[in-house]
Each structure stands twice: as structure tokens, then as C-alpha cells.
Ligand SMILES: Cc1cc2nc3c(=O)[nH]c(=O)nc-3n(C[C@H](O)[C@H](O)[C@H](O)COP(=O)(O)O)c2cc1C
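This document starts with one chain, in the form predicted alone, laid out as C-alpha cells.
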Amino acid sequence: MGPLDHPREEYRVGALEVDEVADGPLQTVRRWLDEAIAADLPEPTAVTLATVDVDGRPDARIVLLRGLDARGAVWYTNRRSTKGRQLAAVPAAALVAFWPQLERQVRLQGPVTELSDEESDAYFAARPRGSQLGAWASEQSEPIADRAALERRVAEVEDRFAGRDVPRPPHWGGYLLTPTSIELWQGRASRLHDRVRCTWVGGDGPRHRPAGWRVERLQP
């Protein structure tokens, strides 16, 4: 049996009604994320980050969410990486989270801004030292001769910061996606999934207020 002939799964875990997002879609997304974490799912904060380059060509990769609050979704990376350059050219993105065990998917779309140095510094200081050193050693997305060359760079950085705290590299920091569109998806039987789309219509106010969102059910 080939991979495309794999038996289809029927989704039967739950349901989603429009009134379940009455407290606001970001609160619902946060609740779903907390439930995925509580269920001890593998990498519950892993999301697909989709960007486009200056020519409009799409790109996507997995990143780990490091914040989800009333402002939106937060992640951190090397700003000189491919995604960092794409966000500098086109500061908008989409995020997709999928928790198959819960038969749930969340999509967020909106503009992206860089987090402040203070917020990026605070998060970097809380990272494991090995990850801090790696942020200095790796020119993310750039070619390198082999694994040994990367390990030599790590060793050089270890020597450089031996006996002292590792500061945040100036090219490394956080991003915030402020959602203008949020879709919550709950799998249902016969592919008649529940889809609820929330579109921000409230101007520049805080997005945790339900009154600022237009909420509607979509056909599956």
C-alpha cells in the first residue's frame, strides 16, 4: 500500500460552535494551545510559519511559538535568516498550528513587527546556554562546508564567552504577528469539518475584545 492509499481517518473527537469564541478568538486559540500542552502532545507549540519574498514567492517552515497573548503570536529567530529577510521585505505572515490528536487546526494571518530589544533580551537570557551559543555560531540559512566546520564555530564561541553570560546577538530577536484573521478548525465526520473564521474589524484597539471581531461559520 502506497502512502497516498493510506486509510482515511474519521474525525470524531469534538465539535466547534460559533458561540465558543464569544470571549474572543485569541482567548480561544490560547485555550486550545493550553489544552494541547496539557494533553502532553509532542511539540504542541510547533507551528508552520508562511512568508513571501519580495517577488511574492511563498515559503514555509516550522517554528516554535514562544508567546501567545492579547497582542498576538510571538516567535524568535535569526533576523538575517531567509525568513528574517523575507519579513523585512514583506512584513506579513501566516501561522498554522495542527494538533492531530485533538483534531484541531488554527490559522492566523496578519502583519508582523519586530519585538523590542528589551523583550528579546529577556527571552534570550532565559534560553539554555547551548542555544545561546548556537545563536552566535550559526549564520542561519547560509551554506557551510560540513558539520565539523559548524562544531568548530561553536567551540570558538564557547571560548569567546567562557566564564561570562552570553549576550543576545544584535541580529537575533523576536517577532509579533498581530492577527487580522483567525480561523479555528475542528475535524468532524465525513469531512464536514467545523470552521469558524474571525476577522478583525475593530481598528487599532486590543484584539482580545470580542466586539472587535466579525465571527462567521465557513463551509467545510
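Start at 1 and count along the sequence shown; that's the residue number. Since the structure is predicted, the reported quantities are computational estimates derived from the model, not experimental observations.
The protein also exists as the form predicted in complex with this ligand; that form is not presented, and the subsequent description refers to it.
Asks: Under a 4.5 angstroms heavy atom criterion, identify the one residue in 140, 101, 113, 116 near this ligand in the predicted bound form.
Replies: When this ligand is considered in the predicted bound form, the option within 4.5 Å is 140.
Asks: Between 64, 70, 41, 154, only one gets a heavy atom within 4.5 angstroms of this ligand in the predicted bound form; which residue is that?
Replies: The residue in contact is 64.
Asks: Only one of 93 to 101, 129 to 137, 76 to 84, 143 to 151 has heavy atoms within 4.5 Å of this ligand in the predicted bound form; I'd like to know which.
Replies: Checking each option against the 4.5 Å cut-off leaves 76 to 84.
Asks: Give, in sequence order, every residue of 165 to 182 that has a heavy atom within 4.5 Å of this ligand in the predicted bound form, or say none if there are no such residues.
Replies: None of them.
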